[in-house]
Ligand SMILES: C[S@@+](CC[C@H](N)C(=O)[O-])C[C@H]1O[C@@H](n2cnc3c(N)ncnc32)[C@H](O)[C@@H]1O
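Given as C-alpha coordinates, the chain that follows is alone and in the form predicted alone.
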(Lines give C-alpha, C1' and ligand atoms only; values in the text may rest on other atoms or scores of the structure.)
Protein backbone atom coordinates (compact mmCIF):
# COMPACT_ATOMS: atom_id res chain seq x y z
CA UNK A 1 0.00 0.00 0.00
CA UNK A 2 1.18 3.51 -0.88
CA UNK A 3 0.79 5.13 2.55
CA UNK A 4 1.02 8.71 1.24
CA UNK A 5 -1.67 8.11 -1.36
CA UNK A 6 -3.99 6.25 1.02
CA UNK A 7 -3.89 8.63 3.98
CA UNK A 8 -4.32 11.64 1.69
CA UNK A 9 -7.22 10.09 -0.25
CA UNK A 10 -9.01 9.16 2.97
CA UNK A 11 -8.24 12.56 4.56
CA UNK A 12 -6.70 10.97 7.63
CA UNK A 13 -3.21 12.45 7.35
CA UNK A 14 -3.11 14.15 10.74
CA UNK A 15 -4.80 11.18 12.43
CA UNK A 16 -2.28 8.82 10.89
CA UNK A 17 0.48 11.00 12.31
CA UNK A 18 -1.13 11.01 15.76
CA UNK A 19 -1.27 7.22 15.65
CA UNK A 20 2.41 7.03 14.69
CA UNK A 21 3.27 9.34 17.59
CA UNK A 22 1.33 7.15 20.02
CA UNK A 23 2.77 3.92 18.62
CA UNK A 24 6.21 5.52 18.75
CA UNK A 25 5.90 6.19 22.48
CA UNK A 26 4.01 3.11 23.67
CA UNK A 27 5.53 0.51 21.31
CA UNK A 28 8.85 1.80 19.96
CA UNK A 29 9.79 3.89 23.03
CA UNK A 30 10.61 6.94 20.89
CA UNK A 31 9.85 10.59 21.50
CA UNK A 32 7.49 12.47 19.19
CA UNK A 33 10.36 14.30 17.40
CA UNK A 34 12.23 11.01 16.92
CA UNK A 35 9.15 9.40 15.38
CA UNK A 36 8.55 12.36 13.08
CA UNK A 37 12.17 12.23 11.93
CA UNK A 38 11.83 8.52 11.04
CA UNK A 39 8.65 9.18 9.03
CA UNK A 40 10.20 12.07 7.10
CA UNK A 41 13.19 9.89 6.21
CA UNK A 42 10.70 7.40 4.73
CA UNK A 43 9.46 10.20 2.44
CA UNK A 44 6.01 10.32 4.05
CA UNK A 45 4.88 13.90 3.46
CA UNK A 46 3.03 16.00 6.03
CA UNK A 47 1.92 19.61 5.78
CA UNK A 48 2.72 21.95 8.66
CA UNK A 49 -0.97 22.10 9.62
CA UNK A 50 -1.11 18.30 9.90
CA UNK A 51 1.98 18.21 12.09
CA UNK A 52 0.63 20.98 14.31
CA UNK A 53 -2.73 19.22 14.72
CA UNK A 54 -1.08 15.87 15.42
CA UNK A 55 1.19 17.38 18.07
CA UNK A 56 -1.74 19.18 19.70
CA UNK A 57 -4.00 16.12 19.94
CA UNK A 58 -1.27 13.64 20.87
CA UNK A 59 -0.21 16.03 23.65
CA UNK A 60 -3.83 16.13 24.83
CA UNK A 61 -3.83 12.32 24.96
CA UNK A 62 -0.54 12.14 26.87
CA UNK A 63 -1.82 14.76 29.29
CA UNK A 64 -5.14 12.98 30.01
CA UNK A 65 -4.10 9.37 29.52
CA UNK A 66 -5.35 7.99 32.83
CA UNK A 67 -8.89 9.30 32.32
CA UNK A 68 -8.93 8.27 28.65
CA UNK A 69 -7.82 4.72 29.38
CA UNK A 70 -10.23 4.37 32.28
CA UNK A 71 -13.12 5.08 29.90
CA UNK A 72 -11.75 2.81 27.18
CA UNK A 73 -11.04 -0.13 29.48
CA UNK A 74 -14.57 0.10 30.87
CA UNK A 75 -15.92 0.02 27.30
CA UNK A 76 -13.73 -2.76 25.90
CA UNK A 77 -14.61 -6.31 26.95
CA UNK A 78 -11.03 -7.56 26.74
CA UNK A 79 -7.48 -6.45 26.05
CA UNK A 80 -6.56 -5.53 22.50
CA UNK A 81 -3.48 -4.55 20.51
CA UNK A 82 -1.75 -1.35 21.58
CA UNK A 83 -2.17 0.17 18.11
CA UNK A 84 -5.92 -0.52 18.24
CA UNK A 85 -6.08 1.05 21.69
CA UNK A 86 -4.19 4.06 20.31
CA UNK A 87 -6.78 4.51 17.53
CA UNK A 88 -9.52 4.50 20.15
CA UNK A 89 -7.55 7.00 22.26
CA UNK A 90 -7.60 9.28 19.22
CA UNK A 91 -11.34 8.82 18.70
CA UNK A 92 -12.16 9.58 22.34
CA UNK A 93 -9.95 12.66 22.38
CA UNK A 94 -11.39 14.03 19.15
CA UNK A 95 -14.93 13.50 20.45
CA UNK A 96 -14.15 15.49 23.59
CA UNK A 97 -12.30 18.17 21.62
CA UNK A 98 -15.12 18.30 19.01
CA UNK A 99 -12.66 17.95 16.15
CA UNK A 100 -15.20 16.70 13.60
CA UNK A 101 -18.80 15.47 13.18
CA UNK A 102 -19.48 12.08 14.78
CA UNK A 103 -19.86 10.20 11.47
CA UNK A 104 -16.52 11.55 10.25
CA UNK A 105 -14.78 10.47 13.46
CA UNK A 106 -16.08 6.91 13.07
CA UNK A 107 -15.23 6.71 9.37
CA UNK A 108 -11.72 8.06 9.85
CA UNK A 109 -11.07 5.65 12.73
CA UNK A 110 -12.09 2.70 10.54
CA UNK A 111 -9.92 3.93 7.66
CA UNK A 112 -7.02 4.43 10.08
CA UNK A 113 -7.39 0.81 11.16
CA UNK A 114 -7.05 -0.33 7.53
CA UNK A 115 -3.62 1.28 7.09
CA UNK A 116 -1.75 -1.28 9.18
CA UNK A 117 -1.91 -5.07 8.86
CA UNK A 118 -1.77 -5.27 12.67
CA UNK A 119 -5.00 -3.31 13.00
CA UNK A 120 -6.98 -4.03 9.83
CA UNK A 121 -8.59 -7.12 11.35
CA UNK A 122 -9.96 -4.99 14.19
CA UNK A 123 -11.93 -2.43 12.15
CA UNK A 124 -15.21 -3.97 13.34
CA UNK A 125 -14.17 -3.48 16.96
CA UNK A 126 -12.96 0.04 16.21
CA UNK A 127 -16.27 0.89 14.56
CA UNK A 128 -18.38 -0.52 17.41
CA UNK A 129 -16.37 1.05 20.25
CA UNK A 130 -16.23 4.42 18.48
CA UNK A 131 -20.04 4.47 18.28
CA UNK A 132 -20.28 3.55 21.98
CA UNK A 133 -17.97 6.44 22.85
CA UNK A 134 -20.15 8.82 20.86
CA UNK A 135 -23.18 7.63 22.79
CA UNK A 136 -21.34 8.05 26.10
CA UNK A 137 -20.58 11.61 25.09
CA UNK A 138 -24.25 12.25 24.31
CA UNK A 139 -25.03 10.95 27.80
CA UNK A 140 -22.44 13.31 29.29
CA UNK A 141 -20.36 10.37 30.54
CA UNK A 142 -16.97 11.48 29.21
CA UNK A 143 -15.04 13.36 31.87
CA UNK A 144 -11.30 13.83 31.37
CA UNK A 145 -8.80 15.08 33.91
CA UNK A 146 -5.16 15.92 33.31
CA UNK A 147 -2.70 13.57 34.94
CA UNK A 148 0.98 12.86 35.35
CA UNK A 149 2.34 9.35 34.89
CA UNK A 150 2.13 7.69 38.30
CA UNK A 151 5.84 6.91 38.69
CA UNK A 152 6.82 10.46 37.77
CA UNK A 153 4.17 11.98 40.02
CA UNK A 154 5.36 9.81 42.92
CA UNK A 155 8.90 11.13 42.41
CA UNK A 156 7.64 14.73 42.57
CA UNK A 157 5.65 13.99 45.72
CA UNK A 158 8.66 12.48 47.46
CA UNK A 159 11.26 15.04 46.41
CA UNK A 160 9.19 18.23 46.32
CA UNK A 161 5.80 17.83 48.01
CA UNK A 162 2.34 16.43 47.33
CA UNK A 163 1.05 20.00 46.95
CA UNK A 164 3.68 20.86 44.31
CA UNK A 165 3.03 17.59 42.44
CA UNK A 166 -0.68 18.46 42.32
CA UNK A 167 0.05 21.98 41.07
CA UNK A 168 2.30 20.65 38.29
CA UNK A 169 -0.36 18.10 37.33
CA UNK A 170 -2.96 20.85 36.99
CA UNK A 171 -0.81 23.28 34.99
CA UNK A 172 1.18 21.07 32.67
CA UNK A 173 -1.57 20.50 30.08
CA UNK A 174 -2.11 24.23 29.50
CA UNK A 175 0.91 24.92 27.30
CA UNK A 176 -0.50 26.76 24.28
CA UNK A 177 2.18 29.45 24.03
CA UNK A 178 5.80 29.91 23.06
CA UNK A 179 8.39 32.40 24.32
CA UNK A 180 10.78 34.73 22.51
CA UNK A 181 14.09 36.30 23.51
CA UNK A 182 14.87 39.64 21.87
CA UNK A 183 18.24 40.48 20.39
CA UNK A 184 17.81 44.05 21.62
CA UNK A 185 16.13 44.21 25.03
CA UNK A 186 15.43 47.93 24.53
CA UNK A 187 12.84 47.01 21.90
CA UNK A 188 10.48 45.14 24.25
CA UNK A 189 7.56 47.56 23.94
CA UNK A 190 7.87 47.72 20.15
CA UNK A 191 7.82 43.93 19.70
CA UNK A 192 5.15 43.48 22.35
CA UNK A 193 2.77 45.55 20.23
CA UNK A 194 4.03 44.23 16.89
CA UNK A 195 3.58 40.58 17.87
CA UNK A 196 0.60 41.04 20.19
CA UNK A 197 2.70 39.44 22.92
CA UNK A 198 2.66 39.41 26.71
CA UNK A 199 5.79 40.56 28.54
CA UNK A 200 6.85 38.10 31.24
CA UNK A 201 8.65 39.30 34.41
CA UNK A 202 12.17 38.79 33.05
CA UNK A 203 11.55 40.55 29.72
CA UNK A 204 10.74 37.44 27.71
CA UNK A 205 7.83 37.80 25.27
CA UNK A 206 5.06 35.19 25.28
CA UNK A 207 2.87 34.54 22.23
CA UNK A 208 -0.12 32.28 21.56
CA UNK A 209 0.71 29.18 19.53
CA UNK A 210 -1.89 29.75 16.83
CA UNK A 211 0.71 31.25 14.48
CA UNK A 212 3.52 29.98 12.28
CA UNK A 213 6.78 31.13 13.83
CA UNK A 214 8.69 31.64 10.57
CA UNK A 215 5.98 33.99 9.27
CA UNK A 216 6.03 36.35 12.25
CA UNK A 217 7.47 39.85 11.89
CA UNK A 218 11.10 39.96 12.95
CA UNK A 219 11.86 36.27 12.40
CA UNK A 220 13.68 36.54 9.06
CA UNK A 221 15.36 39.78 10.15
CA UNK A 222 16.88 38.10 13.22
CA UNK A 223 15.18 40.32 15.79
CA UNK A 224 14.36 37.44 18.17
CA UNK A 225 14.62 33.71 18.67
CA UNK A 226 12.38 31.12 20.35
CA UNK A 227 13.49 30.34 23.91
CA UNK A 228 11.40 29.37 26.92
CA UNK A 229 11.61 31.92 29.71
CA UNK A 230 13.17 29.42 32.12
CA UNK A 231 15.94 28.54 29.64
CA UNK A 232 16.82 32.23 29.30
CA UNK A 233 17.18 32.89 33.03
CA UNK A 234 20.54 31.16 33.81
CA UNK A 235 22.53 33.52 31.55
CA UNK A 236 20.74 36.49 33.13
CA UNK A 237 22.20 35.45 36.49
CA UNK A 238 25.74 36.19 35.25
CA UNK A 239 25.65 39.99 35.15
CA UNK A 240 27.85 41.94 32.73
CA UNK A 241 29.17 39.66 29.96
CA UNK A 242 30.68 42.22 27.60
CA UNK A 243 34.03 40.97 26.33
CA UNK A 244 33.83 37.75 28.33
CA UNK A 245 35.26 34.66 26.60
CA UNK A 246 32.86 31.72 26.86
CA UNK A 247 33.09 28.03 26.04
CA UNK A 248 29.55 26.74 25.39
CA UNK A 249 29.23 22.94 25.72
CA UNK A 250 26.32 21.11 24.06
CA UNK A 251 25.64 24.42 22.36
CA UNK A 252 23.20 23.54 19.58
CA UNK A 253 20.60 24.66 18.68
CA UNK A 254 22.04 27.83 20.19
CA UNK A 255 19.54 29.61 22.43
CA UNK A 256 22.07 30.43 25.14
CA UNK A 257 24.87 31.08 22.62
CA UNK A 258 22.71 33.75 21.00
CA UNK A 259 21.95 35.21 24.42
CA UNK A 260 25.65 35.40 25.23
CA UNK A 261 26.56 36.96 21.88
CA UNK A 262 23.75 39.53 22.15
CA UNK A 263 25.19 40.56 25.54
CA UNK A 264 28.68 41.09 24.11
CA UNK A 265 30.39 37.79 24.94
CA UNK A 266 32.85 36.01 22.65
CA UNK A 267 31.56 32.47 22.32
CA UNK A 268 33.11 29.17 21.23
CA UNK A 269 30.46 26.51 20.63
CA UNK A 270 31.00 22.77 21.00
CA UNK A 271 28.52 20.13 19.89
CA UNK A 272 28.78 16.59 18.56
CA UNK A 273 25.58 16.35 16.50
CA UNK A 274 25.71 17.28 12.81
CA UNK A 275 21.92 17.73 12.74
CA UNK A 276 21.97 20.02 15.77
CA UNK A 277 24.98 21.96 14.48
CA UNK A 278 23.16 22.57 11.19
CA UNK A 279 20.29 24.06 13.18
CA UNK A 280 22.76 26.14 15.20
CA UNK A 281 24.33 27.48 12.01
CA UNK A 282 20.89 28.32 10.58
CA UNK A 283 19.91 30.16 13.74
CA UNK A 284 23.15 32.13 13.90
CA UNK A 285 22.90 33.05 10.22
CA UNK A 286 19.33 34.29 10.67
CA UNK A 287 20.36 36.30 13.71
CA UNK A 288 23.41 37.64 11.80
CA UNK A 289 25.69 36.40 14.59
CA UNK A 290 29.11 34.84 14.26
CA UNK A 291 30.97 32.46 16.54
CA UNK A 292 33.44 29.58 16.41
CA UNK A 293 31.71 26.21 16.12
CA UNK A 294 33.67 23.05 16.88
CA UNK A 295 32.12 19.73 15.88
CA UNK A 296 33.43 17.30 18.47
CA UNK A 297 32.56 15.28 21.52
CA UNK A 298 33.65 17.30 24.57
CA UNK A 299 35.70 14.30 25.70
CA UNK A 300 37.93 14.86 22.65
CA UNK A 301 38.25 18.64 22.91
CA UNK A 302 41.83 19.68 23.57
CA UNK A 303 43.08 23.24 23.83
CA UNK A 304 45.51 25.30 25.88
CA UNK A 305 43.06 28.17 25.90
CA UNK A 306 41.17 28.96 29.09
CA UNK A 307 37.89 30.84 29.37
CA UNK A 308 36.17 33.29 31.69
CA UNK A 309 33.09 31.10 31.62
CA UNK A 310 32.28 27.53 30.68
CA UNK A 311 28.56 27.04 30.10
CA UNK A 312 27.21 23.51 30.47
CA UNK A 313 23.62 23.08 29.27
CA UNK A 314 23.86 19.37 29.89
CA UNK A 315 21.96 16.59 28.13
CA UNK A 316 19.33 15.40 30.59
CA UNK A 317 16.04 13.60 31.04
CA UNK A 318 14.25 16.83 29.95
CA UNK A 319 11.52 16.18 32.51
CA UNK A 320 11.14 19.91 33.03
CA UNK A 321 9.78 20.25 29.48
CA UNK A 322 6.69 18.08 30.01
CA UNK A 323 4.44 21.04 29.18
CA UNK A 324 5.69 20.74 25.59
CA UNK A 325 6.86 17.12 25.56
CA UNK A 326 4.23 15.29 27.56
CA UNK A 327 5.27 11.90 26.19
CA UNK A 328 8.58 11.97 28.07
CA UNK A 329 7.03 10.80 31.33
CA UNK A 330 5.87 7.60 29.60
CA UNK A 331 9.38 6.82 28.33
CA UNK A 332 10.70 5.86 31.78
CA UNK A 333 13.03 8.85 32.30
CA UNK A 334 14.40 7.40 35.57
CA UNK A 335 15.75 4.39 33.67
CA UNK A 336 17.77 6.64 31.35
CA UNK A 337 19.48 8.48 34.16
CA UNK A 338 22.61 6.37 34.59
CA UNK A 339 24.17 7.32 31.25
CA UNK A 340 22.98 10.94 31.45
CA UNK A 341 24.39 11.40 34.96
CA UNK A 342 27.78 10.12 33.81
CA UNK A 343 27.87 12.65 30.95
CA UNK A 344 26.82 15.45 33.31
CA UNK A 345 29.45 14.53 35.90
CA UNK A 346 32.15 14.20 33.25
CA UNK A 347 31.23 17.55 31.70
CA UNK A 348 31.84 19.25 35.07
CA UNK A 349 35.23 17.56 35.38
CA UNK A 350 36.02 18.70 31.84
CA UNK A 351 34.88 22.29 32.43
CA UNK A 352 37.10 22.94 35.44
CA UNK A 353 40.22 22.36 33.27
CA UNK A 354 39.27 25.20 30.93
CA UNK A 355 38.28 27.92 33.42
CA UNK A 356 40.66 30.76 34.21
CA UNK A 357 41.44 31.68 37.80
CA UNK A 358 38.44 33.55 39.18
CA UNK A 359 36.43 32.11 36.28
CA UNK A 360 32.95 30.58 36.35
CA UNK A 361 31.09 27.43 35.42
CA UNK A 362 27.39 27.85 34.71
CA UNK A 363 25.79 24.41 34.96
CA UNK A 364 22.16 24.02 33.96
CA UNK A 365 19.60 21.69 32.46
CA UNK A 366 15.85 21.21 32.04
CA UNK A 367 15.45 18.28 34.44
CA UNK A 368 13.28 18.09 37.55
CA UNK A 369 15.39 15.24 38.95
CA UNK A 370 17.64 16.32 41.83
CA UNK A 371 20.25 13.77 40.75
CA UNK A 372 20.80 15.80 37.56
CA UNK A 373 21.07 19.11 39.41
CA UNK A 374 21.64 19.73 43.11
CA UNK A 375 23.40 16.41 43.71
CA UNK A 376 26.02 17.15 41.05
CA UNK A 377 26.88 20.61 42.39
CA UNK A 378 27.13 19.55 46.03
CA UNK A 379 29.27 16.56 45.06
CA UNK A 380 31.53 18.70 42.84
CA UNK A 381 32.22 21.26 45.57
CA UNK A 382 32.84 18.49 48.10
CA UNK A 383 35.42 16.79 45.85
CA UNK A 384 37.15 19.83 44.31
CA UNK A 385 39.15 22.02 46.64
CA UNK A 386 39.21 25.65 45.58
CA UNK A 387 35.69 25.63 44.15
CA UNK A 388 32.45 26.86 45.67
CA UNK A 389 28.95 27.58 44.47
CA UNK A 390 27.48 31.05 44.46
CA UNK A 391 24.31 31.48 46.47
CA UNK A 392 21.94 33.06 43.99
CA UNK A 393 19.35 35.61 45.02
CA UNK A 394 16.49 37.48 43.41
CA UNK A 395 18.46 40.71 43.07
CA UNK A 396 18.15 40.13 39.32
CA UNK A 397 15.19 42.06 37.98
CA UNK A 398 12.10 39.97 37.36
CA UNK A 399 13.36 36.75 38.94
CA UNK A 400 11.07 35.60 41.75
CA UNK A 401 12.64 34.58 45.06
CA UNK A 402 10.57 31.39 44.99
CA UNK A 403 12.55 30.26 41.95
CA UNK A 404 15.59 29.64 44.17
CA UNK A 405 15.88 26.69 46.55
CA UNK A 406 17.44 26.43 50.01
CA UNK A 407 20.96 26.13 48.58
CA UNK A 408 20.60 29.25 46.47
CA UNK A 409 20.38 27.26 43.24
CA UNK A 410 17.89 28.20 40.54
CA UNK A 411 15.12 25.58 40.68
CA UNK A 412 12.23 26.51 38.41
CA UNK A 413 9.17 24.27 38.16
CA UNK A 414 6.44 23.98 35.48
CA UNK A 415 3.86 25.42 37.88
CA UNK A 416 5.76 28.68 38.37
CA UNK A 417 4.00 31.58 36.60
CA UNK A 418 0.89 29.38 36.68
CA UNK A 419 -1.42 32.37 36.13
CA UNK A 420 0.36 33.04 32.83
CA UNK A 421 0.52 29.45 31.58
CA UNK A 422 3.50 28.07 33.51
CA UNK A 423 7.05 27.55 32.28
CA UNK A 424 9.57 24.77 31.74
CA UNK A 425 11.26 23.27 34.76
CA UNK A 426 14.92 24.28 34.94
CA UNK A 427 17.96 24.01 37.21
CA UNK A 428 21.03 26.23 37.29
CA UNK A 429 24.03 26.81 39.54
CA UNK A 430 27.13 28.99 39.27
CA UNK A 431 30.45 27.48 40.35
CA UNK A 432 33.39 29.76 41.11
CA UNK A 433 37.08 29.01 41.21
CA UNK A 434 39.24 30.05 44.21
CA UNK A 435 37.36 29.65 47.46
CA UNK A 436 37.00 32.92 49.38
CA UNK A 437 37.92 33.14 53.06
CA UNK A 438 34.27 33.17 53.91
CA UNK A 439 31.11 32.47 51.99
CA UNK A 440 28.42 34.95 52.85
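Residue numbers count along the first chain shown, from 1. All of these numbers come straight from a predicted model, not from anything done at the bench.
What comes next is about the form predicted together with the ligand, which is not displayed.
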- [ ] Name the residue from 157, 296, 303, 135 that puts a heavy atom within 4.5 Å of the ligand in the model of the complex.
- [x] 296
- [ ] With the ligand left out of view, choose which of 271, 94, 228, 327 has a non-hydrogen atom within 4.5 angstroms of it in the model of the complex.
- [x] 271
Task: Candidate stretches 162 to 170, 190 to 198, 273 to 281, 78 to 86 - the one whose heavy atoms come within 4.5 Å of the ligand in the model of the complex - done: 273 to 281
TODO: Could you confirm whether residue 204 comes within 4.5 Å of the ligand in the model of the complex, counting heavy atoms only?
DONE: no
Task: 4.5 angstroms heavy atom contact with the ligand in the model of the complex for residue 151 - done: no
- [ ] Tell me, yes or no, whether residue 319 is in contact with the ligand in the model of the complex, where a contact means a heavy atom of each within 4.5 Å.
- [x] no
TODO: Report yes if any heavy atom of residue 250 sits within 4.5 Å of a heavy atom of the ligand in the model of the complex; otherwise report no.
DONE: yes
Task: Residues within stretch 314 to 349 having a non-hydrogen atom within 4.5 Å of the ligand in the model of the complex - done: 314, 315
